[in-house]
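Single chain ahead, by itself, as structure tokens, in the form predicted on its own.
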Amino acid sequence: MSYCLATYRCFGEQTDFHKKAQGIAVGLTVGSWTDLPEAKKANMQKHLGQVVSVEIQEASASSPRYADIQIAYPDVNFSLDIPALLVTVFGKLSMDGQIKLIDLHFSERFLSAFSGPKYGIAGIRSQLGVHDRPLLMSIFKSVIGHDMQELASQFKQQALGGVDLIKDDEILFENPLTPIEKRVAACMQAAAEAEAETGQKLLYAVNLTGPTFQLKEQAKKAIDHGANALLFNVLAYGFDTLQALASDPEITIPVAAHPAMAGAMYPSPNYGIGASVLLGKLMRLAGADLVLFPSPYGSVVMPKEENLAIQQVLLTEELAKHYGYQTPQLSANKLKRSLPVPSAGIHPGLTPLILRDFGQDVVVNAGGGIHGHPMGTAAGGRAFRQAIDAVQQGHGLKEYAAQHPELQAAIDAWGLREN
């Protein structure tokens, strides 16, 4: 038998958590068990969910009473796709009071249906020719109402600052001023002009939008006009749509997953889906080469432990676990690793914290922290590159800024946090 394992945090001052666990295991699989005749039970046994563990935490001054409940779900019950798994393990259960899905582990059988990221960390670094430092991404700000010339000009200034990736804002949709094919052509021309000056390659993640059943054609249109990366609002369209895009052999460019809508699902301690599942395991499984999520430092703050949990599942070599009857065995994972992109409110003075917490395989991502630089957009990019260089060389930012005016101006504007 092959199982996927779900872990829930269930709250209740008077709840019989062992009874609750049995109710979940039966209710989300065969529906009823004690009322079945013995002959029917023999036929239904392979479909029955199994309670793996119930760990109860009694109430304290800082926490209500809860239990972490693990249920193993037979793979034979659902098709090998993320929507089927999510509906099985958390569909109607998500509406059953204070309960949160905090972890998922996948069987080898389930994992075999997914190819994961097409490029992953190694592939993206290879395309950029950058292997020895964190990457730097900038964001278009602002985008709505600008014509093609204005966008191309803004793009080039970002590129001249030494960024490795530039992404559209997630709210830039198809419009008469900047349709995707013209936007890609104009920005890739600006990228070529900047590369001629800087010698640096970059990826442009163009926002892929439109009706769901037209997305593949929209992506192929972008590629035909020179696109070398895509930005995708995964939670609005669904994990299955991301998987379809990432696994399509004609979509030959990396996909960056944006976390729009995630705040409706992960922040509550009592409801929803844990951040490491929503923005970590499922994004990587579905094929995101880069995954954006709120940083623990900036304007949209996620607790650091959740950040690091996302990073762990994006980078770990062992995502898969195979579950026999209550006997989990670790197995090697074949999926490429996804690049973590902690985002929102990032400025150069936060670079030491980002590199300390996330290491070298991270994308430093900024919008206002580049465009709002007192010396202009290109200087904003250079300030970040200088901050990255300083940290990698073991210098304090204040020390390094004394010889680098762009970094000094950024520190003067936004301050500095090194611990």
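Note that residue numbering follows the sequence shown and begins at 1. Given the structure is predicted, the values throughout are model-derived calculations rather than measurements.
Just so you know, the form predicted in complex with a further copy of the same chain exists too; it's not on screen, but the next bit is about it.
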Residue 90, heavy atom within 4.5 angstroms of a further copy of the same chain in the predicted bound form: yes
Contact label in the predicted bound form: residue 266 to a further copy of the same chain, heavy atom within 4.5 Å: yes
Residue 79, heavy atom within 4.5 angstroms of a further copy of the same chain in the predicted bound form: yes
Contact flag, residue 356 vs a further copy of the same chain in the predicted bound form, heavy atom cut 4.5 Å: no
57, 105 and 114 all contacting a further copy of the same chain in the predicted bound form, non-hydrogen atom within 4.5 Å: no
296, 226, 83, 123 - the one with a heavy atom within 4.5 Å of a further copy of the same chain in the predicted bound form: 83
Listed residue that, although a further copy of the same chain is not shown, lies within 4.5 Å of it in the predicted bound form (heavy atoms), from 280, 161, 259, 287: 259
Segment assignment from 191-199, 114-122, 166-174, 304-312: heavy atom within 4.5 Å of a further copy of the same chain in the predicted bound form: 166-174
